[in-house]
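Just the one chain here, the form predicted on its own, laid out as structure tokens.
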């Protein structure tokens, strides 16, 4: 007899949709109600491509070993490392973060998470200019003007619009007439086809458009015909519409953070939103990708005061993006051991960084096989948080949510936090 588990949180993207109904029968997930196509695939195919046993490299292949043997090998690698790097953490739950930071503090490692290659500029812009933060519930209930800038949620966050923009809210009775959706992007994306307005911006010129919008909002005139490929009359119209909104929200993605200007783009967007708050109510929010990348930033900040790129080598945390970020460390060839937790840097890092990864021992902690697991010195499989173990994660708006366990992991597989705790406890014994 199957069971249905309601109110399950989806551990895929930063939306952390919390309304899934997961049907389990005879030890298998047979249905995912309400989930997007990616969510359904993650739940229904969670057993595919799994790392089934702990492995240690033996020449050109990997040999299956006992968990305690793999843990001991990890301990040997970390205790003898001079410049270890702990990377990933955006696809594991918060308790695993705590254990990783304890290891970093003990061995003097550097900790970096995946935000350094995605929304790191968002954090730098926020540190420079402040944060005009709000919640997704406020968006759903109040926002009459929604802007997506440099993001394509229909592709990357499939239920973002359907959950928080299209439904009616407390003050938005008919979203078709009470709410406008605009998209700013370099091309007409899938999301743009659903929007009320699409504004095409020339690649790399977001900063100019944002600066022009800010000038017009503040009442200045601009004696040009276009800015960043956008006619000045259109920008003037947009500025007036932004000022007249009852509640506006600016969602932005990697199109803003990873184009020319980077954190200066985010800084300009923040200052625009701050200016708009002199006339009405505005917030902004980054479209976070991995389901707990926001959590990785939050937990590291709670622990050290810094959100990413933190160095423990002096016995206290030091923060320096560009110096202690993973790609920069690997590009310079400084790292001698990589502890990778729930990420796939070999698949996503630049070639020069991957070249160094292939020269050093890699401890790979992950539920599934990936490109990094092919080159790892040690592979340790773990349970998938939100499916095979519980935990906590942080939604893109900063709201912490509880991840449910809906079924048991494969035999012998334990959560990331327990693997990391075992590594820490053995390290503590041998380094006393």
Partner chain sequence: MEVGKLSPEYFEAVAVCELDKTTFSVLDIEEGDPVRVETIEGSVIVRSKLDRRAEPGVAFIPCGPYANMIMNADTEMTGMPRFKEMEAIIFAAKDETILSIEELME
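Positions refer to the first chain, counted from 1. Keep in mind it's a predicted model, so treat the numbers as computed, not measured.
The next section is about a form of this same protein that is not shown, the form predicted in complex with the partner chain.
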**OP:** Using a 4.5 Å heavy atom cut-off, state whether residue 178 contacts the partner chain in the predicted bound form.
**Re:** no
Subject >> in the predicted bound form, residue 79 touching the partner chain (heavy atom, 4.5 Å) >> reply: no
Original post:
Even though the partner chain is not shown here, does residue 149 get within 4.5 Å of it in the predicted bound form, heavy atoms only?
Top reply: no
Original post:
Do residue 236 and the partner chain share at least one heavy atom pair within 4.5 Å in the predicted bound form?
Top reply: no
Original post:
So in the predicted bound form, are 124, 321 and 375 all sitting within 4.5 Å of the partner chain, heavy atoms only?
Top reply: yes
Subject >> Listed residue that, although the partner chain is not shown, lies within 4.5 Å of it in the predicted bound form (heavy atoms), from 83, 98, 166, 188 >> reply: 188
Subject >> Listed residue (297, 286, 257, 340) with a non-hydrogen atom within 4.5 angstroms of the partner chain in the predicted bound form >> reply: 257
Original post:
Which among 236 to 244, 260 to 268, 98 to 106, 68 to 76 is in contact with the partner chain in the predicted bound form, heavy atoms within 4.5 angstroms?
Top reply: 260 to 268
Original post:
Can you tell me which residues in 362 to 378 come within 4.5 angstroms of the partner chain in the predicted bound form, by heavy atoms?
Top reply: 368, 369, 370, 371, 374, 375
